[in-house]
Structure formats: C-alpha cells, structure tokens
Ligand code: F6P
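Just one chain is shown here, as structure tokens, and it is the form predicted on its own.
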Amino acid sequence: MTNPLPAWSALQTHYEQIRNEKMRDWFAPANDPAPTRAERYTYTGGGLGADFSKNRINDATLKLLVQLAREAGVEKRRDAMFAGEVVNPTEGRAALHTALRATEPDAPFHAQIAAERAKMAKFADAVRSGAWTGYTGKRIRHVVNIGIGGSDLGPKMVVHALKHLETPEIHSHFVSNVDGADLWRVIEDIDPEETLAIIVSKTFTTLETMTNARSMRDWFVQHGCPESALAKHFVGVSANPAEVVKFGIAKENVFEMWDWVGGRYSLWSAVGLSIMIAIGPQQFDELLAGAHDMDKHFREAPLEKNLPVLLGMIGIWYRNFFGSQSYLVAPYSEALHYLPAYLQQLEMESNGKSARLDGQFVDYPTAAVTWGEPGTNGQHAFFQMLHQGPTIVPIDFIAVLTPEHPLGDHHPKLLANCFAQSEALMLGRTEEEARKVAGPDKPELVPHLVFPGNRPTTTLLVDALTARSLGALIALYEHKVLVQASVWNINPFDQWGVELGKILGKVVEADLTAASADVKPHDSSTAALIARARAALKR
C-alpha cells in the first residue's frame, strides 16, 4: 500500500516484529503483572465498556495506531462533522445525524429538529392511546413500516431490541423486500381496520418501497376502505413532501427528513417514527440520549481512551496489516438479532469505496466484509471455522450483563458461553495439550484436537439493554465508521455504488414485461436469463 504517513510505515515495521507472538504468552501470569492486560486495555465511554485485551496488540501497537489516527486527521474530520461542515463532498452535504440527538441549543438545526420531534411525539401518543383510529373507528393495533435500507434496518433493529419496552397494544411489522412474499406474509395476519402504514423514503420514488406502498394502498381499498379515508391509515416520512401528497397521503401526515442525514444514519429522525410508536416518546428520547452520550465521549475523550477511535483503529490494524477480509459481530443477546444486519449496511455502504476524497483510486483495502449472528446460535453454525479454519476473523463480542427477561437461569449460561468463546479463541490448544485430551489410545485424533488460538476478539459490555445503552452502542459503530474513513481518506456518507444496478434494473424490468419479444441488447447471460423469465411469467 502507498501511504505517506509516518505512523503507517512504523506500523508495518511493528507488525513484522509482533506478527508471530502469541496472546496466550502475554496473558501468562509471569508476563502479566499488575496492572494486567485486562486492566490496561479495558476502557469505558458513553455508558459502555470495551475489553480490547484479547487483541494482537501491545502498548506500542496502540501508541502507533493513535498516532496514525492523528496523522490521518481523525480529530479534524470529527470536528467538521459535528460543526455541520460539508463532509460529504460528492453530494455537497453535511452529515448531521449527531444533531438529531444533540441537546445544546446552539446545535445545528436545533429548533427545526425539536419541532419535528414534537410533531412525531404528538402523533405517536395519539396512536398509542387509541385516540387515532382507523376509518371504522377501531384503534390501531398494527403498524407496518414500509421502507428499505436505512429506512427499514434501523427501525426494525431497534424495535426488536427494545421489544421488552414495547406497548402490548400495538404490533410492529416491517416490509422492505420488493418480493411480494414479504408484504403478503404481513397482510395475511393483520386487519385493515386496525392498521397504520408508515411509508419511509427520502425521495418517495424508491422502487421497492413504492411498489409495496401501492400494493398496500390497493389492499386497503380492496378490503373496504374508501379512498377518501386512506389518510386514516397512511403517513409518510420523506424529504420530498410533494411526492408524498401526490401518492395520496394528507399533507398534515407527512413527517420530514433532511438531505443532511444519510439513510443509514437516519433512525434518530422521523424515520424512527415506528420506534417512537412502539416504545413511546420518552423511551425514544432515551435512545437519543444514549447516542448523545457516545457523541460527547467521541468528541471529548483523548484518542488513547476513546472507544470509537480504538475500535476503528484496531479494525484498521487487522484489515490493512494482517490482511483480514471480514470481521464478525456476535451479540450474545437475541434482542440484538438484527444488529449485524444493520451494521452490514452501516459499515459496507459507508466504507466500501475505492475512490479517495481527492478522486484518486485506493491501492489498499477499505471496508471489511461485516457479518454475524447472535450467540449462542453462531457457535453451532460457523464457530468451527473461527476456531480451526485457516482464515483469521476478528470478532466483536457484545455481552449484556443483565437480562431483560425473567428467565434468570438462562443468563449465566449465555454469558459463560460468550466469555468462554473469547478465551478459547485466544488460548487455542497446543499439540501437547491435544495429546492429553486424545489419550494414548487415539493419537490419530491429535491433529483434529489442535486449536491454533491467537484469534483476536473485542468484548463490548452493556450493563442492561435499555433504550439509552442501545443508543450509545449504535453511535459507537457510527463513529467507528468515520474513524476508519478518515484513515482510508474516503467519503463514508455517499453510496454511488447502489446506483448502477438500479438503473439497469429498470431496463431489465421493461424487457421482462414488454408485450413483444423485442428487448434491448444485453450480454448473452443476461439475455438468456430474461428469456427464461419471460417464458415463466407467461405461464
């Protein structure tokens, strides 16, 4: 990689020096005097804790990583984002998702944001109390959020995570896929007289969202709702209110989102209306407060003790020096089931770029492939590869120390598995240890019982899964993205990579549905696929 920063060259030299060292040796009692590795490499911020000690780092590594962050201008990019400067140059925009949870009166757009949130709260309270009714006078019992990407993943993840705070009077549903099966499975189980649809789209032209929205509108009409009464069952969230009204939603039922908030950073805005209806305005404020706690930590904590900086820079260490192509998010919490999917978009859509801010192409890896599954499910699926496969995959374990359910005897087992997995990945099992396990009668088992170990993990600790702690956790990863983008010198706030497929998709759709077989020219593979699909669609 070509990188002129002095810390980068120093890290390359340092990597060669420690690449073969074993973490189990660092943790050996003789090599781990007080303060221990765990004490030295555990930090807190925004109400969260992070144990970085089971990473392949030492004091020199962290010093050089922090130096690299400074040389790459992490602090400058951070401060510019919070100040509302144009940090998304390809679209000429600010990135002010942090303003959505700011409490300071001088924060950018403070009055505008407060007014929109008050409007959201008034509407949410009306739905939650039963004051807002459907066209037959029945209270709303089903809320269907129709969106895709950031308009779906964020709200769905949060509502699922905070289900223990959800009002029992209302059931939340999320539809995103243009595959009709997604919408069909929802409408089969709901009553149109008791359903509210929230259509979420920045442009209100997104193919998947508007296809589902139109089908939902048709479903209401087909089940007896007069078109004149559809306003009782539809609201819109958009930066394009004219299109929302054109769709047929009443002007007073339009909630605003702004072009200075990217979709994957937008759950804090009116995009989170389904969250507010589910958990209430007060808990939604707590979600914002937790994110604001992490914002303050990111802005004020020294880089050496700054959770987003350390998480991001350790990710750089594995991606650009160890060559790791992916990293795993393993929340040991079923409530956080959708967090890995949410982070897939946040990290890969933000930092999956090959063009630098100066327009030149990168000659180094950027975003790692982000994936994951809640524990303990993952242990019985892919942890075999993590322990004994030849590929090293860094892991973020997320442990919630206090359960949000009354089945208390489950929780020690869950936490035991989480902590034991990180210990096993770090320690491994030597050939000598494997021989003892296999016993003298089965020496042929020894190679199969050896674990390389030295597999890096970070453990994030959450005292309890509250709206506030969840807000802090989400903001931690948002800021991690900015830290890494600063080092890679890329723009994490645009997403041009999604455009080409959308453009070609419209062409292919026209060919699939054309009355004649005279379709536009394509490569031989795409043409053959279109021909087979046309034949199937005619059956």
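All residue numbers are counted from 1 along the displayed sequence. The model shown is predicted, which means the values in this text are computed figures rather than measured ones.
What comes next is about the form predicted in complex with the ligand, which is not displayed.
Under a 4.5 angstroms non-hydrogen atom cutoff, the ligand in the predicted complex has Ser201 among its neighbouring residues. Taking the partner from elsewhere, Lys502 is found to have a heavy atom lying within 4.5 Å of the ligand in the predicted complex. Although the partner is absent from this view, Arg264 contacts the ligand in the predicted complex, with a non-hydrogen atom inside 4.5 angstroms. At a distance threshold of 4.5 angstroms between non-hydrogen atoms, Thr376 is out of contact with the ligand in the predicted complex. Three-residue candidate spot Ser151, Glu349 and Gln495; every residue lies within 4.5 angstroms of the ligand in the predicted complex by at least one non-hydrogen atom. A heavy atom within 4.5 Å of the ligand in the predicted complex is found for exactly one of Gln345, Ser422, Thr366, Ser333: Gln345. Comment: the ligand is not present in this chain, but in the predicted complex one of Thr459, Gln283, Asn253, Thr206 has a heavy atom within 4.5 Å of it, namely Thr206. Here the chain stands by itself, but in the predicted complex one stretch of 142-150, 314-322, 273-281, 105-113, 142-150, has heavy atoms within 4.5 Å of the ligand.
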